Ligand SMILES: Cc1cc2nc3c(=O)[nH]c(=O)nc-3n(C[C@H](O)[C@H](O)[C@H](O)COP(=O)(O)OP(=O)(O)OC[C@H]3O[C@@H](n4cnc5c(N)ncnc54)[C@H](O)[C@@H]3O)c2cc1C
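First comes one chain, alone, set out as structure tokens in the form predicted alone.
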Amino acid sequence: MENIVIIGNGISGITTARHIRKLSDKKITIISAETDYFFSRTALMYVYMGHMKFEHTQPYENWFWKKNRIDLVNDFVTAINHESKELVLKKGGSMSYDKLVIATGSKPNKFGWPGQDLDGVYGMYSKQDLLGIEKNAPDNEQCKRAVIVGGGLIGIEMAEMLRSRKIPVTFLVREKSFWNGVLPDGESQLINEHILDHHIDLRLDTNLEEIIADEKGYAKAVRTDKGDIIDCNLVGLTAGVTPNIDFLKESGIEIGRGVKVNRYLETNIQDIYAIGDCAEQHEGIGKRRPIEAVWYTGRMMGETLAQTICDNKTKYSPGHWFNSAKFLDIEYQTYGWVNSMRNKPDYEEHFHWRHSTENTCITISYEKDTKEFLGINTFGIRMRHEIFDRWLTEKKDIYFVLEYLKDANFDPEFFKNYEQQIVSKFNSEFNSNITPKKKSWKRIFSKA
């Protein structure tokens, strides 16, 4: 019986295991030292906020693994010998494999800051991070202030967590505006204002220089490049993530920033594959980045690789880029590509609309000459993924998108409609006469 070993029990590894079991009777072993059972990493913040218990983050009952003949090993892999097809385990001994899947995910970035490994300094990625934050910041009596380093989705989640327990938060963001390497200027400014409205001490254009220890080796303050000393009891490092692949450096497996793979998720070593946050395509697929540390792409890679391992060789084809998140109270969605001003290519133009009083805005990107629709960001407005995915595939122009924007409204019965205001601004700016319309769902998907 062929022996499949998966290193990592995140969404990528678990999806691979589940789909291999659906398709075959192969022996499956998952190795991970983080937790005994798979959990939803994106739900960790809600455990701290009291919305659920940790066991509620586990999508499957503990009996699921035995019933489905998926063996779980709580250990670290310290080395891979691809010639003998053996893994060296930290607790001692080794394990053989016929096919190996590397799904080790990411780890928080550290940039050599003095004090970055002190007690009281955490990322927000693992269960161990959650336990450490709970220990050091149980309430605003024991944690008088927290400092978060790095602006982005993980940082804003950590800020929301801590503010839920009324812990004062200082947010150090090296950019001149929040996440402006990803968001266009208008959207970045909206988030700046929203963070400040939540009584978070946002310090833009500010870098961490040092984390200062107390006499017991705990973080007690940070020093910034502005010369400020900020007293704190917790430091959150959320300046992005990098693939968790240090143990592969002597393995013979080709690595760059991540584990190099082709479109079939194969490495340079036969019978070894890599998926999820730790996988790096030799070249980006279309406009997509070579590494995508996103939950849904990890799931898609797992489903794809299971087909290949079960003798139906399948190319990884993620389709159009999309993502969603939440900035405190503001829901964010993105479909296609809307580049920030610093990354925007010459051919890309933007139309931006923002509500005068509400935390609601959109930015639509389009090709300057042909007016082809390239992507949309929405803040505070829910839109339908299927609609934008179809419009991107069919290469609709911006006029069509605005004319039928009502079709993309997620729930027009219960959510506010802004289409008339959006189109009116576009008509005014571009001297056009678009009238918002709506097709029936039957017509929209009749050819899908």
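The numbering used is simple: start at 1 and walk along the sequence shown. Note that this is a predicted model, so its numbers are computed, not measured.
The same protein also has a form predicted in complex with the ligand, omitted here; what follows describes it.
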| item | value |
| --- | --- |
| Contact label in the predicted complex: Asn339 to the ligand, heavy atom within 4.5 Å | no |
| Ile195 within 4.5 Å of the ligand in the predicted complex, heavy atoms | no |
| Phe76 within 4.5 Å of the ligand in the predicted complex, heavy atoms | yes |
| 4.5 angstroms heavy atom contact with the ligand in the predicted complex for Ser32 | yes |
| Heavy atom within 4.5 Å of the ligand in the predicted complex - residue from Ala219, Ile362, Ile154, Leu183 | Ile154 |
| Proximity to the ligand in the predicted complex, single hit among Thr334, Ser106, Thr304, Ser188 (heavy atom within 4.5 Å) | Ser106 |
| Interface stretch in the predicted complex with the ligand - options 209 to 217, 97 to 105, 133 to 141, 170 to 178, non-hydrogen atom within 4.5 Å | 97 to 105 |
| Sequence-ordered list of residues in 10 to 30 near the ligand in the predicted complex, where near means a heavy atom within 4.5 Å | Gly10, Ile11, Ser12, Gly13 |
